[in-house]
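Below sits a lone chain in structure tokens, taken as the form predicted alone.
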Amino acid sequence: MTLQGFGLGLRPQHFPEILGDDPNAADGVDWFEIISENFIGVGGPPLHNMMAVRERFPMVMHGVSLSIGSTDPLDGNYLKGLKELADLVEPELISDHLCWTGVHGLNMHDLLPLPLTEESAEHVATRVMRVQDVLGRRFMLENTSTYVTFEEDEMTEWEFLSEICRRADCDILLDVNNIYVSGFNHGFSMEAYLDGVPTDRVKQIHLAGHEHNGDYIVDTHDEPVPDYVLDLYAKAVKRFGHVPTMIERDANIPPFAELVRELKGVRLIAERELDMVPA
């Protein structure tokens, strides 16, 4: 199956609606995304409920702990657990972030930025190839929100992301909200970012809300997707076409029906923009 349409992040508080008796509760939701770490090595009701959703919907896996940019060796136990989960879920897509989360065995529990250098690109690409070998499937890297840059930077973020994916022959999970956050924080052109990413590598799109503090933005995933991010998404649709798109909500999580309504609005934007693209 090739993933299509529009999805939501799967959250435990929404299991009753998704798995309940109302056949229309998830009307407009084509697939769900799970956070990989929530289910690696987990059994009991959480796994049972997740797999019950998997029986009804396509699913993708999204991780936060791979630490692909760290100088620590890749965590073999983590990769083993990730592969076992992927073999069970059989996700349409699997991804993690272009970042590092710790070093010397210390997990900072944050998505930390990398210097945008040739050395970093080669380091990450080599590790991505290793991950794809272990998983036996293609892998996607997601652009993160960033708040600092490095004096050593040799290229733009979109050049860095694109070069890693070219070298590793992997794909891109393009987070439009993160492009907006980083573009605002650092003053780069968000449209140039979209134009600089190869269209054939983008296999999924993330949308989310954030905390706007006037002169800087913090990526929080605790608010609806703001209109200006949706405007940037419309431009992404014009460039990348029919790419599976989802809304992330990780805090201040609203009722399931509210997220479904928000997702339907995203679908309308995509349909509008795709109708405007010449055949």
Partner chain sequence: MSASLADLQSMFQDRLLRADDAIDPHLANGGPFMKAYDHAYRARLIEILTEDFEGLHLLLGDEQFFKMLGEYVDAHPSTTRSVRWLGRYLPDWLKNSENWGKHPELASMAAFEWMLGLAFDAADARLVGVETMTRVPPEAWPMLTFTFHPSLHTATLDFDVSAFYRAAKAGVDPDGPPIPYDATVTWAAWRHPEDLIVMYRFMEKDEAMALDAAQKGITFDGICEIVAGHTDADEAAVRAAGLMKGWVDSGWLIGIDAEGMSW
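Numbering follows the first chain given and starts at 1. For clarity, every value in this text was computed on a predicted model and none was experimentally measured.
Quick note: we don't show the form predicted together with the partner chain, though the next part is all about it.
- Partner contact region in the model of the complex: 213-221, out of 54-62, 213-221, 230-238, 24-32, criterion any non-hydrogen atom within 4.5 Å of the partner chain.
- Shown alone here, residue 199 lies farther than 4.5 Å from the partner chain in the model of the complex, counting heavy atoms only.
- In the model of the complex, at least one heavy atom of residue 42 sits within 4.5 Å of a heavy atom of the partner chain.
- Among heavy atoms of residue 46, some come within 4.5 Å of the partner chain in the model of the complex.
- Contact between residue 67 and the partner chain in the model of the complex is found at the 4.5 Å heavy atom cutoff.
- Contact with the partner chain in the model of the complex holds for none of 204, 249 and 256, as no heavy atom of theirs lies within 4.5 Å.
- In terms of contact with the partner chain in the model of the complex, the residue from 156, 149, 132, 189 that brings a heavy atom within 4.5 Å is 149.
- Contact annotation: of the candidates 194, 170, 111, 89, the single residue with a non-hydrogen atom within 4.5 angstroms of the partner chain in the model of the complex is 111.
- Along 71-92, residues 71, 75, 78 each place a heavy atom within 4.5 Å of the partner chain in the model of the complex.
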